[in-house]
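Taking the form predicted on its own, here's one chain by itself in structure tokens.
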């Protein structure tokens, strides 16, 4: 399947809008995070809930597209709050595994609860059938972009 110039312009507009939405939503969500939780910390907790825990710090850093050092810092804060446990990998002594604790799951759930008023406000101002219809396309795009970012692909 070959893309024509119109397809490329449409895809650029689409990705540009997603980028702007990501920036605006991160700002709005960052403002309502529970006291002491940063948006990057929430994103890591949400990642562990969504994909399951017992992940390596490197795999989480790759998924978030941040440096290992930045992820080590974020994980250190989460561990200090009791939201995650970091233990040696049973199969590879050089590596570690990150697991979500019950406190971490509760903190992630509290953050989502804190987002409720913002989400309700947005839902009241937008046509939800359009969002529902667009969701499969956005998920498909995410999957393609995720595969393409992997240097092994």
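In this text, rigid core is short for the largest set of C-alphas that superpose within 1.5 Å between two forms. Residue numbers count along the first chain shown, from 1. Just so it is clear, the model here is predicted, and its values are computed rather than measured.
Missing here is the form predicted in complex with a further copy of the same chain; even so, the following discussion is about that form.
- Of the residues 52, 124, 93, 34, just one reaches a further copy of the same chain in the predicted complex with a heavy atom at 4.5 Å or closer; this is 124.
- The listed set 106, 58, 87, 128 contains one residue whose heavy atoms approach a further copy of the same chain in the predicted complex to within 4.5 Å, identified as 128.
- When contacts are defined as a non-hydrogen atom within 4.5 Å, none of 75, 79 and 102 contacts a further copy of the same chain in the predicted complex.
- Interface residue remark: residue 120 is counted as part of the site for a further copy of the same chain in the predicted complex, having a heavy atom within 4.5 Å.
- Using a 4.5 Å cutoff between non-hydrogen atoms, residue 64 counts as a contact of a further copy of the same chain in the predicted complex.
- Residue contact with a further copy of the same chain in the predicted complex: residue 110 places no heavy atom within 4.5 Å of it.
- a further copy of the same chain in the predicted complex comes within 4.5 Å of a heavy atom belonging to residue 46.
- Residues 130, 131, 132, 133, 134, 135, 137, 138, 139, 140, 141, 142, 144, 145, 146, 148 are the ones in 130-148 with at least one heavy atom within 4.5 Å of a further copy of the same chain in the predicted complex, listed in sequence order.
- Once both forms are fitted on their core, a CA shift of 2 Å or more is seen for residue 125 between the shown form and the other one.
- The Cα shift for residue 46 between the shown form and the other one, taken after rigid core superposition, is smaller than 2 angstroms.
- Compared with the form shown here, the Cα atoms of residue 141 and residue 52 sit 3 Å or more farther apart in the predicted complex.
- CA of residue 15 to CA of residue 51: farther apart by 3 Å or more in the predicted complex than in the shown form.
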